[in-house]
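Shown below, as structure tokens, is a lone chain in the form predicted alone; questions about how it binds or moves come after it.
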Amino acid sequence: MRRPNSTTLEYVTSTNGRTRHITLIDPAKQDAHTAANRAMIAVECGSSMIFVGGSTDTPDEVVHATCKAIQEAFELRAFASSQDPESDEDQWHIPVVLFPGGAHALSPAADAITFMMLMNSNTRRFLIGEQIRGAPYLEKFGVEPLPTGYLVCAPGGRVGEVGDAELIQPDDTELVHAYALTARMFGFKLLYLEAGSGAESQVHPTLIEKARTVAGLTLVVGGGIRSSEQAALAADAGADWIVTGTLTEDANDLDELRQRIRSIVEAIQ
């Protein structure tokens, strides 16, 4: 749900020196109604953006149904808040952003998309191929692109395998610095350091710290973050945004989901 009088890119890059939280919802892991409920709880608990995506083979109709359900839920909550002097309507004006596995997983109901180059892939498809396939549809849909350099770090998980990535190891600090410089010189606005969905360990803090030394990039970090302590490590190392997804999917009920997201948000503030 777009914030009034502001582009999504402006919202994402205007961090004001504080780390914010993104809840990643994989459309393949639940129906659209459940996804919308989880997204609303995430916002209630302090998430500042919703990513929709993750799986590599989710058809666009499933992605679209999920985005549409979340947007409609946010619009209803924003309207209800506008009628209540004690509620904050702006709380619900947060972006719903595609985090696609490829050009097949797009939706006109999204506010924006992480328009990514998997910079350390050995395969042309993930460097430029999927982007060429998807760009005409994004232009038609009017979905705002967020120019993003995407780097898969060890352990990498499934995304490292599918993306044919030369994984960045914890001691590859000069390499990640060179990638960050390259991302800035290409004109990317975001740099996403990814350890892999459900990874056993998170992106090493030294890699985040080194990437942070390159000015002009908004730093997004995800993968392997399941606890408030891990989130705090990434935030202290310099992440502008922390992404969590698995901890949302693994919650046994909505109360546990609230507790998990709230603890992450509190740890990075």
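Given the structure is predicted, the values throughout are model-derived calculations rather than measurements. Start at 1 with the first residue shown and count on from there.
Below, we refer to the form predicted together with a small molecule, which is not included among the displayed structures.
- Using a 4.5 angstroms limit between non-hydrogen atoms, residue 47 is distant from the small molecule in the predicted bound form.
- The small molecule is not drawn, but in the predicted bound form it has no heavy atom within 4.5 Å of residue 121.
- Using a 4.5 angstroms limit between non-hydrogen atoms, residue 27 is distant from the small molecule in the predicted bound form.
- Remark: residue 92 does not count among the residues lining the small molecule in the predicted bound form, judged by a heavy atom distance of 4.5 Å or less.
- Shown here without its partner, the chain carries 150, 196 and 199, all of which come within 4.5 Å of the small molecule in the predicted bound form through at least one heavy atom.
- Proximity to the small molecule in the predicted bound form, taken as heavy atoms within 4.5 Å, picks out 220-228 from the listed stretches 207-215, 61-69, 38-46, 220-228.
- A single residue from the set 74, 188, 179, 99 has any heavy atom within 4.5 angstroms of the small molecule in the predicted bound form; that residue is 99.
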